[in-house]
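Here's a solo chain for you in structure tokens, the form predicted on its own.
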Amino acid sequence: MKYERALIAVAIVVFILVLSYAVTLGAMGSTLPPRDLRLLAKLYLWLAINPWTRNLTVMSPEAVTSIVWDFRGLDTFFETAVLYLAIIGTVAIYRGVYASSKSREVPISEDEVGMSPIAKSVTKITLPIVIAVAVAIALHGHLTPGGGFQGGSTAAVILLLVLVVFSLQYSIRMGITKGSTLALRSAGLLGIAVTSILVLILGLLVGCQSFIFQNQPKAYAPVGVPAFLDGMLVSGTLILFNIFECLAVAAGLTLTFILVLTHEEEIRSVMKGDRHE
């Protein structure tokens, strides 16, 4: 075993040295980074928000969100689907595990489980603040750096605090369960899928050409989602994508936390075949 570990360490060191030497010799190219922005990068920046070219622009000042959900929306959808399948894989590994079974046996009050009253009081004070930050990150993702994934990750921290500070059993009694989080995760992914074909459906209804993941009207597809709502810039489908992505990420990560925090005795009981789905 000790020789195997030494061999792995030597292999890592050799790999780093060889890679560094190759880069020094110019394996990554002679001009890194390039002196000028590439044409594609210039187009991304120019067309992110350009009211004077309405048939080409995304109408979002946040260039990263424009790329993620408009220019390359199909890539982002499949990335989200991969994360969803990874969570489904986690659920499959823990199949038969009911984290809520113990909470069903005996009613649990807040004072009986969890951390100290001080920790609970501090958590109750900070939770609204974190919730506000998570909502702001998600809803302003088309205007400022952030978006649905970042907002969902922040919201997952809220639920993780609840699970840890108030205990898993009490959280489940409050409705944060394996089933509810999986349902919310599925609803978020379904919302992303519906938003991606929203303009396509509008085009079919009015009898003109349209495409999936289309946001603003194009010269050859003159339908789209309005960029402004009551005078506020919402950037068409981008705000919808961020909302559903936030929901999907928050619920998916919370589901993972619930499974990981499940009592070891309950997992062992399922693994021994005492109970099956």
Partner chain sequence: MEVLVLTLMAIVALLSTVATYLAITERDLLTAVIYSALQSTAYAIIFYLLMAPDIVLVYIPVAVGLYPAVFIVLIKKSERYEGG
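Residue numbers count along the first chain shown, from 1. The structure presented is a predicted model; accordingly, all values stated were derived computationally and were not measured.
A second form of this protein, the form predicted in complex with the partner chain, is not displayed here; the remarks below concern that form.
In the model of the complex, the partner chain sits within 4.5 Å of a heavy atom of Val64. Contact between Phe77 and the partner chain in the model of the complex is not found at the 4.5 Å heavy atom cutoff. Contact check for Pro145: a heavy atom falls within 4.5 Å of the partner chain in the model of the complex. At least one heavy atom of Phe149 is located within 4.5 Å of the partner chain in the model of the complex. The stretch that touches the partner chain in the model of the complex, counting heavy atoms within 4.5 Å, is 149 to 157, out of 149 to 157, 115 to 123, 177 to 185, 199 to 207. By the 4.5 Å heavy atom rule, the three marked residues Ala22, Arg72 and Leu255 all fail to count as contacting the partner chain in the model of the complex.
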